[in-house]
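The form predicted alone is given below as one chain in structure tokens.
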């Protein structure tokens, strides 16, 4: 039924498959190609290479993040046959890598959906890891002609976007929900595809929270030149005292970034309020008061710093809503709507107080 080929497939068979383009499959993680029932299917490596790990590290820091994607379609892992399980993944490469690396030693098919380079959880919320895309991908890959069974194994975090009854009614395939974490798939299979509490529970521990911090640090870069510019202006007029006035202001304003992107995810479970903007604003405000105490700033300067730091740190904190188990999409949108004008007003008040402090030397 199948035969393993070299790394160079037959272009005619590839075109016949109609769902994966040859030029876009020249990837290090594609080990070889196999001919199965008259079509050429790429066989992917289960073990991650150093290039895969470097790519993930770059994506964590926002380098090429929106291009870190896999071509949607059907892939083989090992030497799968008609009875081999079919796992469904997003085409965000980090999601794809997590799945294939958890299946070392298992012969399986991997059906990759077009989620626009977004991970399973976020894509399910946006609808790209959804019923329509899954139905379309099952049809376009002619999956029913590849496997003899009618079961699709989906990640549990994709449940918000997929209607299992609709998939069964329109495609004939039954959806089976796998464990939350790809790393638990082997244990889940060994247990007869039965999930216990740890494999079905969603956690968001310190490691998970800090994993999303690097990209937020990179995205917050516009705050840095703005902070330096404001601090430089605050120290005017130029002279012997310029640095003494500007340096504390610069430290206060630059510290907003680590407060909102590092301290916030680290302390998330223990910060009061359910609203991320309030949690972040609290950290920003505490940082401003700490700087005021250390540098012995006048009360008006400290208050100005508070009104500037609180909304800026709150804004950075809200960026974590899409990567957290603490919020939902409607709640995050509502938080943005309710906090926009209060943040603007706070920034305006902070600038007015800072101007007043310099103008009157208070």
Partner chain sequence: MKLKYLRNGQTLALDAGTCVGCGACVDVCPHAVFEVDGGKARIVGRDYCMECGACARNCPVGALSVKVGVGCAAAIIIGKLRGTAPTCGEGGCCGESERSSCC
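Numbering follows the first chain given and starts at 1. Just so you know, these numbers come straight off a predicted model, no measurement behind them. Heads up, when I say rigid core I mean the largest set of C-alphas that superpose within 1.5 Å between the two forms.
In what follows, reference is made to the form predicted in complex with the partner chain, a form of this protein that is not presented.
*Asks:* Indicate whether the partner chain has at least one heavy atom within 4.5 Å of a heavy atom of residue 186 in the model of the complex.
*Replies:* No, residue 186 is distant from the partner.
*Asks:* Would residue 220 show up as a contact with the partner chain in the model of the complex if we use heavy atoms at 4.5 Å?
*Replies:* Contact check for residue 220: no, nothing within 4.5 Å of the partner chain in the model of the complex.
*Asks:* Though only this chain appears here, would residue 315 touch the partner chain in the model of the complex if you measure heavy atom gaps against 4.5 Å?
*Replies:* Contact with the partner chain, yes.
*Asks:* Is there a heavy atom of residue 151 no more than 4.5 Å from a heavy atom of the partner chain in the model of the complex?
*Replies:* Residue 151: no contact with the partner chain in the model of the complex.
*Asks:* Of 257, 168, 135, 212, which one comes within 4.5 Å of the partner chain in the model of the complex, counting heavy atoms only?
*Replies:* It is 212 that has a heavy atom within 4.5 Å of the partner.
*Asks:* Within 4.5 Å, heavy atoms only, which of 288, 112, 120, 249 is in contact with the partner chain in the model of the complex?
*Replies:* Checking each option against the partner chain in the model of the complex, the one that comes within 4.5 Å is 120.
*Asks:* Report yes if all three of 95, 159 and 321 come within 4.5 Å of the partner chain in the model of the complex by some heavy atom, otherwise no.
*Replies:* Spot residues vs the partner chain: full contact, yes.
*Asks:* Counting only non-hydrogen atoms, which stretch in 103-111, 266-274, 223-231, 249-257 is within 4.5 Å of the partner chain in the model of the complex?
*Replies:* Within 4.5 Å of the partner lies stretch 266-274.
*Asks:* Has the Cα of residue 45 moved 2 Å or more between this form and the one not shown, judged after a core fit?
*Replies:* It does not reach a 2 Å shift.
*Asks:* Residue 31: after superposing the rigid core, is there a C-alpha shift of 2 Å or more between this form and the one not shown?
*Replies:* Shift of 2 Å or more: no.
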